[in-house]
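Only one chain is included here, represented as structure tokens and corresponding to the form predicted on its own.
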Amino acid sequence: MRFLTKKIEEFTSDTIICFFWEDYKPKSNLFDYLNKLSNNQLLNQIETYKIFKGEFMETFKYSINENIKVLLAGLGKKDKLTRRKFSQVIANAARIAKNMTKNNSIGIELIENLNECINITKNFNKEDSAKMSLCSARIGLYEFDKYLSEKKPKIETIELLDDNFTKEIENAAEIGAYTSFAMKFTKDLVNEQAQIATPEYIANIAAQIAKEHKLEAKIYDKNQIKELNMNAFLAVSQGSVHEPKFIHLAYKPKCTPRKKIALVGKGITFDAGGMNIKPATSMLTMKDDMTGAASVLGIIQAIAKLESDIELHVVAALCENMTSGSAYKQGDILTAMNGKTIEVDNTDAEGRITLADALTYCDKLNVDEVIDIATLTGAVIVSLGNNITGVMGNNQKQIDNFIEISKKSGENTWQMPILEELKDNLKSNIADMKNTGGRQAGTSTAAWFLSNFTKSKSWLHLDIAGTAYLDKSNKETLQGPTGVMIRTLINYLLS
């Protein structure tokens, strides 16, 4: 897909998206130009027949001629719009426009300053609009049709339309474009069937990414993982015929890095629950348990393409959690990479066991911050549903900054506590800790478990178990993988 910035009178798309406020007279350079092309009939239709009010998510289709179609998209009331709602409007409009275009190209108005919208978050400018417009449009257009015998035409070009593109706006549009690529990459990988997307398959993709983007790469096989003393990670993998892989990619800028960050992605390529086998219905979407790993692989590509001035390490422990004669069992005692021992209370709480060794591995990378992203607990779904990501960590300043950037990125997050008394939930009589602590405070307890395996003073944990995959579509994203937190993480890394 191509992303272009063009002056209003130079668009080549045959379907143009133009935005409207509820109860306000249409006023923008793009609308004026389109109305002029229609000999004032576009405005006349709206004002005479009152068929479009600009309500939130409302749309109106109008054909100026055989070659140009207009899709008016309602933003709703100015005092109600948020960045998340803005993204929803764009994604929805892009989906509708896809079915209107004949030349597989759509144009999107670069909306004017939105600072007067009290809920939009301060300092929303054309740069923010450019970034969000391209990324949100591609969210709306996303489809996974690899295994469909009949494929629909895809949008090949998105044109962002305005008469005054500054260098800053162009740069922001580029960030939006590469962010959308990272999200598509992630969703494609999560959508891939588990019999294809094995640890070896994903490790090979990581190697290809390293080669293409000139990244440093270390990809460890089972014997090398054993040499690293990642015994916790190895235990989870031992029930599968597919051997584990541990990947570490590093992007290093040409200049002295402004900061160094490690991203850790949970990489369970299929989770059957181990000996604590999941019910059949709970296994249906368990190919998505490697969403964290897929996300960090997408993010590092965007950071490399944008030639960021940070140093970024991405790490993932890749394996399947299967049940077999060789699978690890309840009651097993595992010795993690940092020497701490874990009593296995439930083999279906495997993600935290693999992350334990992955986090410890990051201790030797000499980074300023460590962030992990994981489909970790069912408890976070009970607490926050499927539209809010749980955020935890050991540095309040880092947490506050991340949550603020998530709001600006149009993603919902909520801080949950990590209290020291949670260690009582994981108390073991025969090991340093158990891997689960019962039903109460499950999300926070899992985070406390992870905190024992990192020495970083700026560690952030994102539990995306509820937000990584949708059982049914919402206003922005269709059913399936969402690419959640990729927008926020890229904006955070670039901030």
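Keep in mind it's a predicted model, so treat the numbers as computed, not measured. Residue indices: 1-based, along the sequence shown.
Keep in mind that the form predicted in complex with a small molecule is not shown, yet the notes after this line are about it.
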property: The small molecule contact in the predicted complex: Ala465, any heavy atom under 4.5 Å; result: yes
property: Residue contact check: Gly385 to the small molecule in the predicted complex, 4.5 Å heavy atom; result: no
property: Contact of Asn401 with the small molecule in the predicted complex (heavy atom, 4.5 Å); result: no
property: 4.5 angstroms heavy atom contact with the small molecule in the predicted complex for Asn452; result: no
property: Selected contact from Thr360, Thr375, Ser87, Ser409, since only one has a non-hydrogen atom within 4.5 angstroms of the small molecule in the predicted complex; result: Thr375
property: Position in contact with the small molecule when the complex is considered in the predicted complex, options Leu75, Ile303, Ala349, Leu160, heavy atoms within 4.5 Å; result: Ala349
property: Option from 392 to 400, 283 to 291, 179 to 187, 219 to 227 whose residues, in the predicted complex, bring a heavy atom within 4.5 Å of the small molecule; result: 283 to 291
property: Non-hydrogen atom within 4.5 Å of the small molecule in the predicted complex for each of Ala356, Glu369 and Lys457; result: no
